[in-house]
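Just one chain is shown here, as structure tokens, and it is the form predicted on its own.
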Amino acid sequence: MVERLLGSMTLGLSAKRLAALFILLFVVACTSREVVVEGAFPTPLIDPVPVSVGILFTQEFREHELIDDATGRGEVSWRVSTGSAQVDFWSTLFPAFFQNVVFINSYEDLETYDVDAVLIPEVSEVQYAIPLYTSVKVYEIWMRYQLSLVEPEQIMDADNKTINLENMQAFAEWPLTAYGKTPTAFMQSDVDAVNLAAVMALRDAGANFITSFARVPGVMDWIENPEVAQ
């Protein structure tokens, strides 16, 4: 009787340990990854466009995140914060691309600085692809922007002394796409691979911006006569 009892207790402990192991494996399989994108963004060597531009990064742009809750799919969930890297990257590119750049942070900035137009970048879409069932850490990220050029008066709410984008009418607006991929499968971690893919996507966005800007409808007319934006 005692031997049976001891055997039953041993079996119970083993079952509990096995159950705990399964739970642990499930939690690990359905865990999440968080990435705050960081990277180096060299200043491009180009002839600047001879205009004065205000750059407005909205709060949504500064705090942009890609969130993929994959719990229901039994996969890894991702939170990829690109906002800080977005600001770092475009704050490096725009001053090199335009002759004069002012970063607009308030209504008072619009009153104080004389700019020909205000450029407002927005992230409209981000998608990513990950290797689900292999150890090859090659990740891909697609980004889509919407950029707008507006006259400063279009976003100035004089009554409330604030910046208001709700009813602005841009004289030039266009989409911009970007693609990034980890250049090697031998990354140290999934987080490193996603970070690098995002950095590559940002660099691609910059290259596309530089090569396509002059072809945007309305832009060349504005460059030739920045005081009369149509």
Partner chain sequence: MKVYRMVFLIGAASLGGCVTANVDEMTFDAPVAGMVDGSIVILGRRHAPDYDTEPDFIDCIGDQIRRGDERITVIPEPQFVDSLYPWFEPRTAPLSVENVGRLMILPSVANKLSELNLDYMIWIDGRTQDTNSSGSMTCGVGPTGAGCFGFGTWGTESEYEATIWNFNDGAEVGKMSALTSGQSYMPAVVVPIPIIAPVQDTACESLGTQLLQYLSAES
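Residue numbers count along the first chain shown, from 1. Source: prediction; values computed, not measured.
Unshown form predicted in complex with its partner chain; subsequent notes refer to it.
- Though the partner is left out of this view, Val80 does not reach within 4.5 Å of its partner chain in the predicted complex, counting heavy atoms only.
- Residue contact check for Leu45: one or more of its heavy atoms lie within 4.5 Å of its partner chain in the predicted complex.
- For Leu93, a non-hydrogen atom is located within 4.5 Å of its partner chain in the predicted complex, even though that partner is not displayed.
- Mapping the unseen interface onto this chain, Arg33 falls outside it, with no heavy atom inside 4.5 Å of its partner chain in the predicted complex.
- Contact with its partner chain, judged by heavy atoms within 4.5 Å in the predicted complex, is confined among 49-57, 198-206, 158-166, 62-70 to 198-206.
- Contact annotation: of the candidates Phe98, Phe89, Tyr128, Tyr145, the single residue with a non-hydrogen atom within 4.5 angstroms of its partner chain in the predicted complex is Phe89.
- Shown without its partner, the chain has Thr177, Ala178, Tyr179, Lys181 in segment 155-181 as residues with a non-hydrogen atom within 4.5 angstroms of its partner chain in the predicted complex.
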